[in-house]
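Next up: just one chain, as C-alpha cells, the form predicted alone.
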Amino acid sequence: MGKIIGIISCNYLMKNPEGLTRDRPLAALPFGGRYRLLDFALSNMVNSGIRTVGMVTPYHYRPILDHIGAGKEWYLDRKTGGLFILPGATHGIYFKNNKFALRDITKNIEFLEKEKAEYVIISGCSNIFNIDYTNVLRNHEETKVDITLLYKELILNADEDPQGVILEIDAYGRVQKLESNQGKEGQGTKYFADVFILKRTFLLDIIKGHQNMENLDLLDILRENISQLKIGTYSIAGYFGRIYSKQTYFQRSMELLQPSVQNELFLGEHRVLTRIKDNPPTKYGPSNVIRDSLVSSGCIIKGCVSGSIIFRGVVVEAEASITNCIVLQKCVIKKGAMLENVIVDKYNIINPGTVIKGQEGDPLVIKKSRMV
C-alpha cells in the first residue's frame, strides 16, 4: 500500500495507572510476555504494506525509543520511507488529554507535506486487535466518503474509559453523531476503535483551517462539521481488547490465556512484530508446577505458577507460588514467596517468605525496581 502512510498517536495517558505508566507512556506498557502495546498498532500498519509511519511521542518518550530503535523488526529501517519520530507538542498548564490533538500533528506538518501518499491512516495505540487495512482502504475508496472511522460492536463496562467515543450510524453506514460513552454502561454500542483513514490533502486542509485552534482534537473538528462531511464506517471483526486502566490491562492480559484469543492475535496470517531478544529457552526445575500460564523465554522456574503471565528473564525459586499474576521482565521471586492477584513491574525482587495478595478483579501493583 504505497499510496498510504500511517500516524500512530502515543501521546495520551492511562486512567488510574497506579505506577504502571509512571516512568513510561501507555504505548510502551509491556503486554503478553514479550510485547509492548504499540506493537499491535505498528504491526497492523506494517502487515498491511505501509512502509512510512510517523509516531507521535509524549515528553517521556525514552521507553518508546528503547523499544523500537530504528524500526528494524518492523521492516522500517529503510532509505525510502521508514519510521519517523514526531515529538508531541508541549501542552502547558491547560493540558487536555486528547488522543488525536491537532497541535501534535500541526507541529509535525512537514511529515505530511513532504510525503506524496494519497491517504493517511491515523491510529491510537491502546487497543489490541489484528487487522489488514487493505480492506479498509478498499472500502473507503468504494464508498467515496471523506473519512472512514473503524468501530467495534460491544457492550460498555461499568468503569468506562472517560475518553471513549461511540458512533451513531444510519442504515447506509454513515456517521450521524459522535457521542461520549459516559452514562451508557451496559448498552450495546458501536465503539470507535481509535483508527480512521482520510486523504492526506484533506488532513492538511483541516490543519490549515484550524491554525488558531490547536487545542482541539481531530474528533472535535469532526463533531463540529458532521453535517457537511461524509463520514463512513468499517466494522472490526474478531477479538478487540481495550486498555485504559489498571483493571482493563489485567483483564486483557488474562484473556491471552484463552487459546482462541492467542490463535487469533498471534498465530494468524499476520504476526505481531516486536523487538527481538536472543534469550535461551526457559529452564524448569524438577519440582515446578505450571498450570494455564504463559511463560516467556529466558526464565528459570522452580516453583508453582498458575493462571499467570511471566515475562522474559523472570526467576521463580523453589517453593514460591504465583497465582493469577502478571510478572514483568527480570523479576526475582525468592524461595517460599506467595503472590496472588498482583502485577509485578520490572526488576523487582520479592524476598523469601513474602506474601502479597491483591483483590480479584482489582490487582495490587508493585512499582518498578523495588525490593519487597
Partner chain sequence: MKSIYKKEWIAMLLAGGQGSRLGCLTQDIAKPALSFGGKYRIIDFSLSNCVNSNIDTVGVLTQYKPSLLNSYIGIGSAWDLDNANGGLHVLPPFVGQEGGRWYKGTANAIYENIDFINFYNPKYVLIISGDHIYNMDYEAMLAYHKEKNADLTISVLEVPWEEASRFGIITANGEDQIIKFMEKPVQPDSNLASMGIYIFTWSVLRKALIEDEGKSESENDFGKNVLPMLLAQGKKLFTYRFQGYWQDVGTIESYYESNMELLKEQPCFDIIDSNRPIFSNGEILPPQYIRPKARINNCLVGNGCTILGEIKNSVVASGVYVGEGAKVEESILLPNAKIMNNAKVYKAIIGEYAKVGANCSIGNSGKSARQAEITVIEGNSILTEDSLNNEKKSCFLQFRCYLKDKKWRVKSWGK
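Positions refer to the first chain, counted from 1. Predicted, not measured: the structure shown is a model, and the values here were computed from it.
The same protein also exists as the form predicted in complex with its partner chain; that form is not shown, yet it is the one meant from here on.
- At least one heavy atom of T274 is located within 4.5 Å of its partner chain in the predicted complex.
- At least one heavy atom of F266 is located within 4.5 Å of its partner chain in the predicted complex.
- Contact between Q228 and its partner chain in the predicted complex is not found at the 4.5 Å heavy atom cutoff.
- For Y61, no non-hydrogen atom is located within 4.5 Å of its partner chain in the predicted complex, even though that partner is not displayed.
- The partner is absent here; in the predicted complex, the one residue of K107, K152, R174, K302 having a heavy atom within 4.5 Å of its partner chain is K302.
- Comment: its partner chain is not present in this chain, but in the predicted complex one of Q251, N279, T201, Q182 has a heavy atom within 4.5 Å of it, namely N279.
- Comparing 280 to 288, 78 to 86, 117 to 125, 236 to 244 against its partner chain in the predicted complex, the single stretch with non-hydrogen atoms within 4.5 angstroms of it is 280 to 288.
- Along 31 to 56, residues G32, G33, R34, Y35 each place a heavy atom within 4.5 Å of its partner chain in the predicted complex.
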